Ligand SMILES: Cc1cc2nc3c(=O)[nH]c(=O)nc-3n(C[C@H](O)[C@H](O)[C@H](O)COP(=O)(O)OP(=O)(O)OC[C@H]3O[C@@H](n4cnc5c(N)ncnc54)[C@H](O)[C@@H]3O)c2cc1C
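Shown next as structure tokens: one chain only, the form predicted on its own.
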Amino acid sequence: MSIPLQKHFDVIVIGAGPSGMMAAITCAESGSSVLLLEKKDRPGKKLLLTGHGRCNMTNLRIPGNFLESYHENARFLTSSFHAFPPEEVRELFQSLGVPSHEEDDGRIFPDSQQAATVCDALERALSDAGVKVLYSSAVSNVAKTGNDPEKKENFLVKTENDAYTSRAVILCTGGKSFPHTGSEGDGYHLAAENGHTVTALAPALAPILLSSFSDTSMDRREDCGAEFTLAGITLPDVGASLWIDGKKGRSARGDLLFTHQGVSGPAAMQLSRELPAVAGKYPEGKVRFVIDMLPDLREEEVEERLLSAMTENPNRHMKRLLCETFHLQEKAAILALSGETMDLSANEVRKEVRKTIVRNLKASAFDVEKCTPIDIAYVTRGGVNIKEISPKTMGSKIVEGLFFAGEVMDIDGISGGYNLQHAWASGRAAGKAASEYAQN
């Protein structure tokens, strides 16, 4: 197949998400001619959703805590994170006209509080660097070819309507979550066709669906009254854990939000990647989501404080007493009570009932209905096997000139800017290495 010279580039980047845009900008600024292919009609569609539309750009706790924040494959990130740490990410975006500020837990947000500001800045940087960007250009095939004017081995990259050649290719196609943004798993097929293995895919950073929320009563607690609904309740800074087949699994801590389907928020989403990936609904009791509303207190301490408060305030209604004693929201206090104790005064509560309230405060348990569908997860667990990728260059160990960046690889982090930091750092590393390879 004859390819016109104007369709040859040093580097072709596939996917205009955060890692793809960073990779393309880095390549071009390193002196390479770059083509960026994006299947959607605009770049950064998933980027616009991050941080609830505010864009949690990175986290200043990285790289100090990356070993526990990126799970089993964290060590793969050592080189790229030290080469492009969060402070330098902030400096880069500052130079692009996006000043930022720090919020709780080291999270960095643009001062505009708008993800669109970050995306617009990257688009301008692509243009300034001379990157050629083609939208509505889904890639169907990537393969090595010998058709090159200088007799060098190149890649042939095909879209539905055209074909291009390049010395190097960077796959930045994302995962398989939020497919309407373009993350439909295309990169996994392209990687597999080039000899790479893809590990099992599963949801990560996803809401957890609870069994009691799927019937007609949805999120209503019958023992709390017909008008009581959990949806919309936020429990700040709680402990959460998954129990599978009666054994305690992973634990997390953070804010928890009840929805009409179950639970969301950091405390739930960080545990979602641990759900058993089996088809259909779980049997009753197989997987339980347990909430500890008072994670800084042992159960014995909770009971001691509750008994002391009840003794000192015998005529106080239990709901009010719980709110005052443990600084709980009213609906959170109701969650710890049952119908029979809702309107009781402290002096009317028997010992057995008091112990039940304590258990509810420390371990309110809900059956999990099923593994969350991957298409409603924020991040995909699994991807191109990192054992087949160089951690320093993001280059393939199987196909020379092929590179990877971002979520297409088997890397996922906790919420709070961790996944975007991986996108920036891996995109930067792949862009530098691909440009160097293409120009040699």
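As the structure is a prediction and not an experimental result, all values here were calculated from the model. A residue's number is simply how far along the shown sequence it sits, counting from 1.
What comes next is about the form predicted in complex with the ligand, which does not appear here.
- Although the partner is absent here, I14 is a contact residue: one of its heavy atoms lies within 4.5 angstroms of the ligand in the predicted complex.
- Interface membership of V379, defined by any non-hydrogen atom within 4.5 Å of the ligand in the predicted complex, is confirmed.
- The shortest heavy atom separation between A138 and the ligand in the predicted complex is within 4.5 Å.
- Interface membership of D186, defined by any non-hydrogen atom within 4.5 Å of the ligand in the predicted complex, is confirmed.
- Taking the partner from elsewhere, every residue among L37, G51 and C172 has a non-hydrogen atom within 4.5 angstroms of the ligand in the predicted complex.
- For the options N56, S30, S69, S33, the residue carrying a heavy atom within 4.5 angstroms of the ligand in the predicted complex is N56.
- A heavy atom within 4.5 Å of the ligand in the predicted complex is found for exactly one of F178, F84, Y164, F76: F178.
- Contacts to the ligand in the predicted complex (heavy atom within 4.5 Å) from stretch 414-431: G417, Y418, N419, L420, A423.
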